[in-house]
Structures are given as C-alpha cells and as structure tokens.
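Next comes just one chain, in structure tokens: the form predicted on its own.
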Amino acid sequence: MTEQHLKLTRRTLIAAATVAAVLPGAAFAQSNTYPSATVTFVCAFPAGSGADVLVRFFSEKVAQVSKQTVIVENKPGANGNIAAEYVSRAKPDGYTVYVHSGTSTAANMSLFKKPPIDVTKALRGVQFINKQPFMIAVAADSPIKDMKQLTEHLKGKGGDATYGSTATSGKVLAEVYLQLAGVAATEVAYKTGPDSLNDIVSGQLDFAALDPVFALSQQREGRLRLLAVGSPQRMKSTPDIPAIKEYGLNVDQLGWWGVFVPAKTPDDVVMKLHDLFQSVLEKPETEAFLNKFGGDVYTGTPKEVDELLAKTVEEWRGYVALAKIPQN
C-alpha cells in the first residue's frame, strides 16, 4: 500500500470516528430541544365526546407551555384498541402521544381474546392526569332517586331492563353492579354519551353508566340525575354524589387517566413531556377543569404510571371475571 493510500485510509478512519462521536451528541441535541415541531395527541373517542373534551383541553394547555402546536387526532373504535395500537406503532420520538383512560387501556387486555398489543410492553407511561370514576345515571324526571330504588326497580322488571354504556369502564361498572346486586339488565352500547342521551331521557333505558365529563354536564343542564360513582368513596370534586359502596355493594372502580407514548421513546424525551404535563397539572385552572367534570388531579412519575398500568391490567382480569363479560 502506498503512502498516499495510507494517508487516505487514516483520513477515512478519522472521519468515521468523528461521525461516530458526533452522532450521539447530535441525537441528544435533537431530543434536548423537544418539542421542536407539531405534537399530535391521539384521542380514542370521536370529537364531541367526554374524552375528546378532556384531550383537547390538555392539547391547548400543553401547546401554551411548550410554545409548539399541539393537534388532536381522533382514532375511535374497538374500545380504544385502534388508538392504542396506532400510538404504539408510531415513531418513538415524543410527537405522537396517547392521552386516554389508563383504566380502559388496561381493561382491554381482558375484554378481548386477542388484544392487538400488550399495552404494558408496547406503551410507556409519561404522567397521570386525574382520578375519575364513571357514574350511574337516570333521567332527571325518573322516579328513581338512589341506588337502592334502582335495584328494586330492576328486580321488578325481571330481566327485561336495559342500560346504556359508552366505554369499557362504563360497561364493566354496570355489569359488576348488576352481579353484586343480583339483578339483570341488557347492555345497549353507544359510541358516545350524546348518542345515548335521548334514550336515557325518554326512559327507554332504565339507567346508564357514563363517563363523568358527559354525565356532569347533562346533570347541570337538568337532563340527568346522577345516582352514584364507581369509586370506593365519594370524590372531592363531587361530594354530593354517593359511592355505590355506600349501598352495601363492594364496588371499587376508581378510574384514572394518563399519558402514554411508544415504548421505545427515549427517557429524556419522556421526562420533558412529563414536565410539560406537570406544569399544566399544577395550574389552578386545570384543577378547576378536572373538578368540574368529576375528576381529581393526579400526578406521578413515568415509572409509577407503568406500575399502575400493570397493576390495573391484573385487577381488571378479576373485574371482567366477576361481571361474567364474554370476550370480544
């Protein structure tokens, strides 16, 4: 090999070494500027639903603190499985974010024979948002005033009763209540709360298990009466609504919402997104918004989100079995 060739080889090796040394730094620098482009929040329910209202609130607030555009993309269907799978397969760079009920996300692992993803492996947690129970509702002019009267009403119908549900959490809350109360009712599933409203108000449905965002808004409008929450005790945000447990039924279903990204999203990006949500959750207007819709602010570390998601997956295996819900 000539001296000239040796010089060229050395230059090539030096150049390669330089690139190898610079790339990690360059990659870090990119994540260090996160977010530097439009961020997409994925919502698992249609526009106008209770979930959509919550996701859009946080998209606006995170946009303000991050000084970046945040858009909402609705991916409804399959109880949230479509949205969860979509996010899990997105580029793990922090720009596709799943803002959804951790409870429903975990429950789908038991409600479906073949879930499209293992949520504990395909997603990683970023931050909590709130604790938020589903609620049992009847028409505002219904003669049913509390859960005891609802149970007696359902017993009187001898299995001919119906109830409305709009999400995984509502379905399971209703079925667990029915099992523990020893009564029966047939589920009528709706895509969103507004879709069920006419049937509740007209009395075609005997009761409904609804998300608190929609339920409380309709209570304020004078259309619904809220009989109970699924949490083990009354919520700070809605102290006037009793827990089902107060009627001697051991219902303990305090739902929670969280923020998730693809599993391979880098730690530093996860922490930056976590901090953005933390700054939003610390604002008084955020607490007021969540309280207005039946939720209490809930925060934690990414690790704690992952741990609670795994725990909730296991808990809901028991709930689904108790409610005798057939898998889809």
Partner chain sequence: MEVFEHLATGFMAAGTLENLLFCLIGTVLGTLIGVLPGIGPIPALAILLPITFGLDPLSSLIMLAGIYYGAQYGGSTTSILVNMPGEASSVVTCIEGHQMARRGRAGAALAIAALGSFFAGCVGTVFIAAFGPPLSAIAQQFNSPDYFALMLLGLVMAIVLAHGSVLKAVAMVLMGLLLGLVGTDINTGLTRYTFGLSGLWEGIDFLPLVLGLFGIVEIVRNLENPPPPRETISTRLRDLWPTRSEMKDAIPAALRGTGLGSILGILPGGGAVLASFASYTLEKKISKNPRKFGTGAVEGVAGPESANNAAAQTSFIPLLTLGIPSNPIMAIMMGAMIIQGIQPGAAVMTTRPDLFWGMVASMWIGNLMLVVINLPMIGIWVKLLSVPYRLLYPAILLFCAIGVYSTSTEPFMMVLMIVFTVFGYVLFKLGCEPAPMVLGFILGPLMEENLRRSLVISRGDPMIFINRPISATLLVATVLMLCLIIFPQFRKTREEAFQEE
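Residue numbers count along the first chain shown, from 1. We call the rigid core whatever largest set of C-alpha positions still superposes within 1.5 Å between the two forms. Bear in mind that the values here come from a model prediction, so they are computed numbers and not experimental data.
The form predicted in complex with the partner chain exists for this protein as well; it is not shown, and the discussion that follows is about that form.
> 220, 121, 155, 91: which sits within 4.5 Å of the partner chain in the predicted complex by any heavy atom?
Of the listed residues, the single hit is 220.
> Within 4.5 Å, heavy atoms only, one stretch in 241-249, 133-141, 96-104, 68-76 touches the partner chain in the predicted complex. Which?
Of the stretches listed, the one contacting the partner is 68-76.
> Does at least one non-hydrogen atom of residue 47 fall within 4.5 angstroms of the partner chain in the predicted complex?
Answer yes; at least one heavy atom of residue 47 falls within 4.5 Å of the partner chain in the predicted complex.
> Tell me, yes or no, whether residue 191 is in contact with the partner chain in the predicted complex, where a contact means a heavy atom of each within 4.5 Å.
The answer is yes: residue 191 has a heavy atom within 4.5 Å of the partner chain.
> Can any non-hydrogen atom of residue 162 be found within 4.5 angstroms of the partner chain in the predicted complex?
Output for residue 162 is yes: heavy atoms within 4.5 Å of the partner chain.
> Is it the case that residue 199, even though its partner is missing from this view, gets within 4.5 Å of the partner chain in the predicted complex, heavy atoms only?
It does: once the partner chain is placed as it appears in the predicted complex, residue 199 has a heavy atom within 4.5 Å of it.
> Would the partner chain be touched by all three of 38, 256 and 316 in the predicted complex, meaning a heavy atom each within 4.5 Å?
Heavy-atom distance to the partner chain in the predicted complex: none of the three under 4.5 Å.
> With the partner chain taken in the predicted complex, which residues across 112-139 come within 4.5 angstroms through any non-hydrogen atom?
Read in sequence order, the lone residue that approaches the partner chain (within 4.5 Å, in the predicted complex) is 112.
> At a 2 Å cut-off on C-alpha positions, does residue 88 qualify as shifted between the shown form and the other one after fitting the rigid core?
After core superposition, the displacement of the residue 88 C-alpha between the shown form and the other one stays below 2 Å, so no.
> 2 Å or more on the CA of residue 118 between the shown form and the other one, with the rigid core superposed, yes or no?
No; residue 118 is a residue whose C-alpha shifts by less than 2 Å between the shown form and the other one when the cores are overlaid.
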